[in-house]
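As a starting point, one isolated chain is supplied in C-alpha cells, in the form predicted on its own.
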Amino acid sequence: MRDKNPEKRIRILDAALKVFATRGFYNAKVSEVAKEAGVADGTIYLYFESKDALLIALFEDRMQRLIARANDEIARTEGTVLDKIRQAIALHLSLVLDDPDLAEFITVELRQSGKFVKEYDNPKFTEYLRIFRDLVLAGQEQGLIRRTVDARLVVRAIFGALDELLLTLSLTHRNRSVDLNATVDGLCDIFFDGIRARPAH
C-alpha cells in the first residue's frame, strides 16, 4: 500500500524548491531532493512519477498559494482598480525578497523542463493571469482604462514585464539591495501613463 502522507508530500515539495533553486532543475537529482526532505529515494516516486512531475506539482502548489494571496490582498486593497493592479504587481515582484527560491524557480528553473514547456496545459498560470484580466476589465467598465485596448494583450504585456523584472531582480538582489517600491512605481507609471512625451502645459 502506497504511503500518501500529506505532510510528507509537503516536505518533499519544500525540499524540491530548495534543491531546484540551489542546484538547478537540470542538475538536481531526485536523491538530493529525498535527502533534503529526509526520506528514502524511493519515497519520492510514491508521490511523483518523475522529476518533471515533481516540478509540475511544485509549480501548481506554489501558484495556488500565490493566487490565494493575490486574491486576498486585492480584496483588502482600498482605492481604485489601478491601486489594486499596483498591489498585484507589487505582490509578484515582492517574491524576490519574501521567497527568493520561489522567484528563481518560476523565472529560471521551470524553463529547464521540456515536459513543462511543451506538454503541460498550465491551468494555474491561466488562473493567475485571470486575476489581472478581471482587474483590467473592471477598469475599462469604470472608465479608468481605455476600452479600445485588448485586455488580454494588456495582461500578457504586464506579466511579460513582471517575468523579466523578477528574473533580473532574482539574479542581482543577493549582491545588492533592491528598491522594490521604485521598481513597482516605475512599471505602473509606464503601464498607466505610457511612455510618449506630452507637451508641457
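Start at 1 and count along the sequence shown; that's the residue number. Source: prediction; values computed, not measured.
Separately, the form predicted in complex with a further copy of the same chain exists; it is not shown, and the next lines address it.
S.K.: Of the residues 46, 149, 40, 53, which one places a heavy atom within 4.5 Å of a further copy of the same chain in the predicted bound form?
M.R.: Result of the distance check: 149.
S.K.: Of the residues 112, 94, 77, 71, which one places a heavy atom within 4.5 Å of a further copy of the same chain in the predicted bound form?
M.R.: It is 112.
S.K.: Would you check, heavy atoms only and a 4.5 Å threshold, whether residue 163 touches a further copy of the same chain in the predicted bound form?
M.R.: Contact with a further copy of the same chain, yes.
S.K.: Consider residue 23 of the chain shown here, and say whether it contacts a further copy of the same chain in the predicted bound form, taking contact as heavy atoms within 4.5 Å.
M.R.: Heavy-atom contact with a further copy of the same chain at 4.5 Å: present for residue 23.
S.K.: Is it the case that residue 107, even though its partner is missing from this view, gets within 4.5 Å of a further copy of the same chain in the predicted bound form, heavy atoms only?
M.R.: Yes - in the predicted bound form, heavy atoms of residue 107 and a further copy of the same chain come within 4.5 Å of each other.
S.K.: Flag residue 31 as yes or no: does it have a non-hydrogen atom within 4.5 angstroms of any non-hydrogen atom of a further copy of the same chain in the predicted bound form?
M.R.: Answer no; every heavy atom of residue 31 is more than 4.5 Å from a further copy of the same chain in the predicted bound form.
S.K.: Within 4.5 Å of a further copy of the same chain in the predicted bound form - does that hold for a heavy atom of every one of 144, 168 and 195?
M.R.: Each of the three qualifies.
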